[in-house]
Structures are given as structure tokens and as C-alpha cells.
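Take a look at this single chain in C-alpha cells; it is the form predicted on its own.
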């Protein structure tokens, strides 16, 4: 989940380049950060600077004045050891001549540590530092490149490492965690994902699992880590991504900017023909599985309702981490549809790879071109939500739901109708964002910011929306929230309701309306404070936020209301919604 960035080339401001690269990757982790620099005047040692917390706006330290053509940096999501300066990366060996940054978890680090010489001095609690000392020990008898290879072969778990030696030699190696090399003019860069490279180059080499990259300022060699033999270097062209996220006077946070960007994303999605192509694959498949995690899992859950209701098609759904326990059902002819913003979630990638080995066809709904899932898939439905930089998913989630609505309608032979529906949802969101209901949401946010917990109920599609809304409140503003199917209230949940308990009721104008209103009456009778979201008001609601009446696409507008509520509660509580505590955008460790 951590962000990694390295540079070697003709430019002499490598520390600044690495710092700017880390800023593009900070959504991957922001517990601490650090940079290691090759400096000629350091008596053969690397200069390392580390700090706890988020990256500052600018690099105001001795690193900013250094002349160096080689540097390596890291922004951390803590796994082994707390967020301290000692545990921050890069980590160095005893001599100060070898440094490393790491994304992943070394599962057998304790075993490795016990096998090392007793002469090593450890400064941190991390698994990473153990590997650095192992490379140091191996490098006493082996060339640096070979020492890294031998060390890597001893590791268990999913890991990506970049090692820098004091003479400027850089060696990277990976298994599971993503890594990509960028090729510029007389310079080579390396990063956790392609988003970090795009400001510098559009030529990239995606390092595969079990491969090593040996990097100099003019080229890169790819090596099979198992046998040490050179591999053919496969260069890919990166597509430029339109970055529409902004933080300014109008949008004090990126999350708010990305909420307001959703109408543009939806209209762009409606212009494409990817839904018809995915529908064709679904029609040919014998057994269909949606696989996703987090917000994407609620989009996938909505897909099961959409395919059933609109296309009369049965679709299975599994959370990514649980899918491996259902893989016995997978066979040739199965269509597996992973749904992911980053395309790098390990809990999705692992089972998808296993499904592919069993002969399943993979059709990914993914937002990041060139990501691991993108490269695994036989077909890609690109969401077109452009870079989403806030950790909390907003526009990528509504794009997922819109993509599934369009696919379901295409399956039913109503593709043109779905495009009109998605465009109508875009217009509804614009109207909503422009009118006085924003003030109402701010007032609700102020009230809910003092609550101990919030319950959200829905039925059918709105059940998936309730789960997503609850996740937003947990992620963005640390408010305990639970989403429930309305019919489950009487099976135990209603015991949680007491006088003043906030309960959000998602009430679209569909076949679920009467039943969800009855559920609202039941919790109100126990003293709950009822907030309704939907196209029409009802006397049971103590407060009401109106959305358009857009058939299945009503869900999209209702989700935007919940996004705004979470955002304004975070602001009310003084929380940074762009970078919530303990979270990272891309989950690359199990």
C-alpha cells in the first residue's frame, strides 16, 4: 500500500524529483515519509532523511539544496511497527551504504533475522530493515545485484523492494505488489504505479512478479529472479490521464472536488460503447461472478440486483478476500468480473489470477489503465473517472454503478435508454449541487457530527446504497455507521434504536417504497430521528433530502447525498477527508 519512487539520470535535483513523485503517490500511505540520496561528499554513505506524518507542501530541508542525480523515496502505510521516524523508510544497513524501500509484508522476517550474524545493529521494528541487513551480509561475498536476487528468493509474502547502493546502483524486485519503471531521455524512474510517472514520461516497463530490474540512467535490464537470466524488456505506452481533481478556494478538499466532478464522469461514460461489449461477454458466459472489495463491493452487489431486475440474468457476487473459498465453482466458460478503482487490490488480484488459471475469462471494471488487473484481464471496461486522488471513493464508485446499469440495460436490448438515464443522473446531480439542499446537508452534518452512531436502511438496490453510505461515514468522518436491509430490522437490529438515534432511510420511488416507509415507521416508533433520501417526501421523515426520480439511476443521486453528508461531517469535526487515518487508496497487502 506504500508509495515508492526513485530517480537516476542527468538531472542533479533528484531529491526534489523524488519528493514530487511521492506527492503523486501519497494516497497509498501517509503515516511517514523519507528519501535516500547518493551524495559524493558523504564518504561513501547515503544521506537519508525521514519524517513522521504527511508530506509537506514543499521540500524545505537540506535535501532541497543537494546536487545529486540519484535518489529513492517512500511514503508509508504502517504494517510492522508504528508510525515513527525510526520505522519510516528508507532503511539502511550497518555501513550506511545500502538503502531500501518496501511495499508489502515479509511473512518470514523473524526467521530471517535469527539466521543473520549477531553483528547487525537494528534501529527499527520493521520487516524491511531485516531484509536490508540480509542483502548487506550477502553482498560481502556476492555482487550487489546477485545479493538482492538471493535475498528475494528467501522471502515469503507479497513484496516490492527497491535497493539503492552508495555508488548509484539501483536494483528492484517484486512479487505481488505493483512496480513500474519509466523511461525518459537519459533518465530512468521507478514508482509504485504509473500515475507517478506520467508527469515525467509516457514510456514504461511493468515489472512482472518474480522479475528484477537493474536500473541506470540510460537503461533498464529485466532479470528473472529465479535463475538470474536476462529477460526481454517490454516497453508500454502510457495514456495521459486528465486530472480534474483540485484543491482551491472553491474546493478546499480534493474529495469535494471529486464529488462535483461526477456529472462529467457520468456523461463521458455514457458516450462509450463498452457496456455493449461487456454485455456480449456476459451473454456467452456459463456462470458469472462479480468480485470486489470496499466501495467497489457495494457497486458489485448492486450489479446483482440490476442484472436480475433489468436483464433477468443471475450473477454471483463475492467479496475479494472470500472469493478463493468459492473457486471450486470456477471452470472454463465462467466469466469473472473484478470491480476495482485502483486495479491493484491484492484481495481481488489473487483470486482472479487463480480463476484465470482455471480457464475463466476475466472482464474487469477498472479505473486505472495499465494497473495489474487491467493487464490480467481479457477485456477492460475503463471507468474513465480519471485520477481519483482522495482516499475515499466518490466518482469511481458512481462510475461503477453507472457502468453496471448500462451493461444490464444492454443485456436487455435497451442500451440507448440507459445512456439517457445516466445523462439524466448527471443532470440531477448538477441541479442538486447547485441548489439550497447543500445548506440542508450542512445542517444535517452539524447534527450528525455529535451522534454516537448512525443507521442507514434500504431495500433492493438501496440496500447496496445503504452499505456504501455507511462506509463513507466510517471512512471520511470516523462516525460509527451501519447499513442494513430494511427487512432485517426486526431480526435484532431494532434493539439498537433508542430515543434520538439517527436513522437514514433510502427511499426511491420503486417497488421497495412502501415497505421501506413501513420500516421507517417502526424505528420512529422507538424514538429514532428519521432522515429520508429520495424523490418524494413522507410524513414519517423528520428531515428530507430530495433527489430526482430516475429509475435505477436514482441510486447514483442518493449515493452523492451520502458522500456530501460524510464530507461535511468530516469538515465539522476537523478531519481531513482526503487522507483519513489508517487508510490508503490502494490495498496491496493482505
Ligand code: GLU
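Source: prediction; values computed, not measured. Numbering follows the first chain given and starts at 1.
Below, we refer to the form predicted together with ligand GLU, which is not included among the displayed structures.
Checked against ligand GLU in the predicted bound form, the candidates 211, 347, 127, 428 yield a single residue with a heavy atom inside 4.5 Å, and that residue is 127. Scanning 484, 77, 289, 374 against ligand GLU in the predicted bound form with a 4.5 Å heavy atom cut-off leaves one residue, 77. Note that among 103-111, 458-466, 228-236, 256-264, the stretch whose heavy atoms approach ligand GLU to within 4.5 Å in the predicted bound form is 103-111.
Within this chain, residue 472 is remote from the site of ligand GLU in the predicted bound form, having no heavy atom within 4.5 Å.
In the predicted bound form, none of the heavy atoms of residue 395 sits within 4.5 Å of a heavy atom of ligand GLU. Heavy atoms of residue 8 never reach within 4.5 Å of ligand GLU in the predicted bound form, leaving it off the interface.
Taking ligand GLU as it sits in the predicted bound form, the stretch 567-590 comes within 4.5 angstroms of it through a non-hydrogen atom at just one residue, 589.
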